[in-house]
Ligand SMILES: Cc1cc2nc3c(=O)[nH]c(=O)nc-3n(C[C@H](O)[C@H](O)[C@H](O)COP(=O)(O)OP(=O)(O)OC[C@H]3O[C@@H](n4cnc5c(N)ncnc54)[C@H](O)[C@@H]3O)c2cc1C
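Shown below, as structure tokens, is a lone chain in the form predicted alone; questions about how it binds or moves come after it.
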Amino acid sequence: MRLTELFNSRRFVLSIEMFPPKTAESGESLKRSLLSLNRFHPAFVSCTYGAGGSTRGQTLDWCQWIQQTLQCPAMAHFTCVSSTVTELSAWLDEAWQAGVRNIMSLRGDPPAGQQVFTAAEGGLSHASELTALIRRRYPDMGIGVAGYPEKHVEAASMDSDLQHLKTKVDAGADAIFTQLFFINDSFLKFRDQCSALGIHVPIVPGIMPITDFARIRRITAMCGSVIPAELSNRLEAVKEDSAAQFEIGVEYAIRQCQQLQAAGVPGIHFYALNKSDACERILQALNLPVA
């Protein structure tokens, strides 16, 4: 089932994001986490595409496992990094043949050691170009793209970032999934800005529960997301207590998600970091149906 069908058939589209694990042991742990989260009937589970396409084979393997074992649609992440159009087209063919019907279309981060993204010779430079390629090659593919409520770190301004987002939507995107954020007002302002610009596809907030403050600080330093001072101070005060960090982070995420639900979001996309405990606590608090 492609994205447009999922959004048309559900009042609330819950989705979970995972990444291909590096070891057999972590793979088994991930399977247990996904089986546990599957009780909450996610509309789909997405699987990331490693730096430079390093895990793209595993991405499709995991998408097939998700669809066969969880009986849940999978979304494969897909980037422009280090690939020619011919290579990108071949991977798309492989994904379609593997039964994947939804793609998260992303430019991708610069390869390790590079500060600025440079397209491969014969490749693509922007997610909008990749989105257009997917739509041309597979008109029936569901396509998600990324949105940045607090601006992409490389964008010159919020206005230019929004214009680029509109280009991605006009190229064929079915839905927008946002970068993680911790200030709901930033998301709501972003949603209004998108509407004013004529962007009318579903805009889904991306939520990453804070379970390890040091890890979240590293992530937000790279992506530019802002942690509110009050929340940061509370977490800093318990930086040696992992259990306390987990409780503070989960409680904050529950309130954040409840407020977003009240604001009428079409769903929530959880960056689960391959674990289930925090998301399960949040989903139970949101009173979503459990199998």
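Start at 1 with the first residue shown and count on from there. If you're wondering where the values come from, they're calculated on a predicted model, not measured in any experiment.
We do not show the form predicted together with the named molecule, though everything after this point is about it.
For the candidate set D109, E87, D212, E94, a heavy atom within 4.5 Å of the named molecule in the predicted complex is found for exactly one residue, namely D109. Proximity to the named molecule in the predicted complex, taken as heavy atoms within 4.5 Å, picks out 141-149 from the listed stretches 95-103, 182-190, 213-221, 141-149. The shortest heavy atom separation between D170 and the named molecule in the predicted complex exceeds 4.5 Å. In the predicted complex, no heavy atom of S33 sits within 4.5 Å of the named molecule.
Contact between A127 and the named molecule in the predicted complex is found at the 4.5 Å heavy atom cutoff.
Using a 4.5 angstroms threshold between heavy atoms, R135 stays clear of the named molecule in the predicted complex. Contact with the named molecule in the predicted complex holds for all three of Y49, D161 and F177, each having a heavy atom within 4.5 Å. Taking the named molecule as positioned in the predicted complex, the residues of 75-97 that bring a heavy atom within 4.5 Å of it are, in sequence order, H77, T79.
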